[in-house]
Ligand SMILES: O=C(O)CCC(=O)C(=O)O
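Below you will find one chain, with nothing else, as structure tokens; this is the form predicted on its own, and questions on how it binds or moves follow later.
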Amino acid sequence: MRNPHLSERTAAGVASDVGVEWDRGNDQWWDWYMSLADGAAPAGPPVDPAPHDPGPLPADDGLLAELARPYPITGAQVAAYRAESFVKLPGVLSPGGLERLRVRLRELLDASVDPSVGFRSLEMMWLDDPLLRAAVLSPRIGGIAAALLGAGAVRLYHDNGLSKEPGAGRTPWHFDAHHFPLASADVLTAWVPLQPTPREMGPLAFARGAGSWRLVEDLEFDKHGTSYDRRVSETFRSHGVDVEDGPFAAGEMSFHSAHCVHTAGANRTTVSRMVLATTYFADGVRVVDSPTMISGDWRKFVPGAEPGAVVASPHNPVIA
């Protein structure tokens, strides 16, 4: 059965044929991608998360100083990232600083995204909003990305503001090398929860082991239904792959590589699960020769960079 979120062009061919480029916006891309998650919708009424007091909110100058201050990443944390393809780091930003970002992201989403959508997203906010620009281009977060990648300098691919509303379902299993049209493994995403994120709210969950993606790299993708997501789950269960799906404390954030297979649970709480997800790559990376529809509206993020070209547009500044 044809997926209703696809155009005639992207729906054509067999279910695994994703060789054409996406021809709609990124809002429609997310509607399509979320429809590929296997499993039933959350049952029962949403639950109230534990109360959270972020404390005093910093003024702009204080938040900018926090975002500029280097994070003291350790050799053990770098080694953990390389062994697992992800790492969760405590205390990267203050609860008050995160609350400032949460309030601003809420304003931006409410002003531009259909409120009836269960998974609301907004990209390229940094081009227009000074507060989000400070976070997306943060030397603190970018410095962590460079240290984990072992890169002399990293560039921005794009920012992504995500709000999984109460009752919204799972995000399907995937790994970003399947999505980003970047011809390199030196790509990672900083996942910044803007509130404490218990399991009931649907935190990001990671398949442990840097080689876990090899178990699913040859699975046939299904652009119409949920069979790919289901087969990833079955494959990991049959191989005994451990999944890290624990909560995120206030100020904790994760960094996952483009080959880290990950998912996120449904939001079974009464509170929006809001996240700033920002992707960085090592300077010098090129666009793949043949981007697919799974990369969404990628030309919006790397304007002027054709397949095979080095990504270095003004929309992809050097961060650290």
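Computed from a predicted model, the values in this text were never measured in an experiment. From 1 onward, residues are counted along the sequence shown.
Another form exists, predicted in complex with the ligand; not displayed. Remarks below refer to it.
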*Do F119 and the ligand share at least one heavy atom pair within 4.5 Å in the predicted complex?*
yes
*Please run the contact check for D176 against the ligand in the predicted complex: heavy atoms, 4.5 angstroms, yes or no?*
yes
*At the 4.5 Å heavy atom threshold, is S94 in contact with the ligand in the predicted complex?*
no
*Touches the ligand in the predicted complex: H262 (any heavy atom, 4.5 Å)*: yes
*asked:* in the predicted complex, does every one of R100, R104 and T197 come within 4.5 Å of the ligand, counting any heavy atom?
replied: no
*Counting only heavy atoms and a 4.5 Å cutoff, which of 50-58, 63-71, 37-45, 269-277 contacts the ligand in the predicted complex?*
269-277
*Scan T189, S85, S138, S212 and let me know which has any heavy atom within 4.5 Å of the ligand in the predicted complex.*
T189
*State the residue from V154, L204, L182, L148 whose non-hydrogen atoms include one within 4.5 Å of the ligand in the predicted complex.*
L204
_Within 4.5 Å of the ligand in the predicted complex, counting any non-hydrogen atom, which residues from 130-164 show up?_
L162, K164
